[in-house]
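Listed next as structure tokens is one chain, alone, in the form predicted alone.
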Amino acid sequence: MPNTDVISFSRGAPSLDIVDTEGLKAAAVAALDADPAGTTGYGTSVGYPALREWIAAKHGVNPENVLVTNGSMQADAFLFDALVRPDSPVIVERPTYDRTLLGLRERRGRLHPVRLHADGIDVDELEALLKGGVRPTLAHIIPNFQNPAGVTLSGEKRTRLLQLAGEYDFTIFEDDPYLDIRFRGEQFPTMLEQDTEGRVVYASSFSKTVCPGLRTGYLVGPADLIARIAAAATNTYIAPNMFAQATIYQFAASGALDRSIATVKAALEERVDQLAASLRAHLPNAEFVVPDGGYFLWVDLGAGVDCAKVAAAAADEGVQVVKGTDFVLEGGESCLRLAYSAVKADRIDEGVRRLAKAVESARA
């Protein structure tokens, strides 16, 4: 009989204990008090003005370079609609976020996966593709604590990507929802900060630093592209959620966002360290890179392990995981993505014990 006491390593969301619900209550009240008309009205497709200006200041750009959206996935969708046509060549990391693959395949982009290393995308492999005649419209890069692999793009590789984008005339989509969730190690400059030619479109989200329920993300890019996407956004929904965005703005302006980020980072560092220790103890043959931030750890269970069988056996043990095959066009059969963000540290070891039992069951 399946275990009904479920431990979920499947979804990249913060557990409720690290969401500042009291701060969000206060921010919602402050939003209504400060700007009742703007908070409750339709607004415009570019987003809540004060939050748009706050984001622009954070990234050192003008407000016309910013579009605030209903979550970063909406930002992704708008950008893909603007730039990707049927058979447009698109560079993606291998592995990469499964919803990115879905969105690009729905638009019939021609995907060119490039493998990841512990320091990010293999730029030599990418350069070989470019020299071989591939002319991408877009390169989708998750630079910090990549989903699903947990790795971070090195400073040197960021520089090389910008050089390649200039030489081969493509846009870098810097998809960066985990930027502020570094709990150790060196913080590298974003490619957006280093971009002098308008090659980078940047996306981020408040889902990982505040909570996903407010569904607030954004794009930063060249003003003409942002204006074109804003026109499409107007036709899509008139405007995004002003109440959510006004609440986020008040949360940030009050200092609650900085406190929330500190809380999230402290909890996630403890959780990933416990996860790594438990994997070493209960699955000693597994290979993984311990992230320096973010929500995810990618584990390779080794040759001969079928992640589909492991996931099914794990579900019977009361553990939810995501198959590695979901994040690649082909391969990934021996891999799993483990999200440690929603599991309290004192539950992680039990979760990995159950996972180890599922791995043995799947091998039998």
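What you see is a predicted model, and the numbers here were worked out from it, not measured in a lab. For every residue, the number given is its place in the sequence shown, counted from 1.
FYI, the form predicted together with another copy of the chain isn't displayed, but the following is about it.
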Q: Kindly confirm or deny that F183, L257 and A339 each have some heavy atom within 4.5 angstroms of another copy of the chain in the predicted complex.
A: no
Q.
Going by heavy atom distances of 4.5 angstroms or less, which of T196, Q187, Q163, N235 would be at the interface with another copy of the chain in the predicted complex?
A. N235
(Q) Exactly one residue in A315, A28, V305, A56 has a non-hydrogen atom within 4.5 Å of another copy of the chain in the predicted complex; which is it? (A) A28
Q. Do G213 and another copy of the chain share at least one heavy atom pair within 4.5 Å in the predicted complex?
A. yes
Q.
Please determine whether D224 contacts another copy of the chain in the predicted complex, using a 4.5 Å cut-off between heavy atoms.
A. no
Q. Contact between E287 and another copy of the chain in the predicted complex at 4.5 Å, heavy atoms?
A. no
Q: Could you confirm whether E156 comes within 4.5 Å of another copy of the chain in the predicted complex, counting heavy atoms only?
A: no
Q. Of 167-175, 127-135, 235-243, 88-96, which is the one stretch near another copy of the chain in the predicted complex, taking non-hydrogen atoms within 4.5 angstroms as near?
A. 235-243
Q) What residues in 62-87 sit within 4.5 Å of another copy of the chain in the predicted complex, counting heavy atoms only? A) N70, M73, Q74, A77
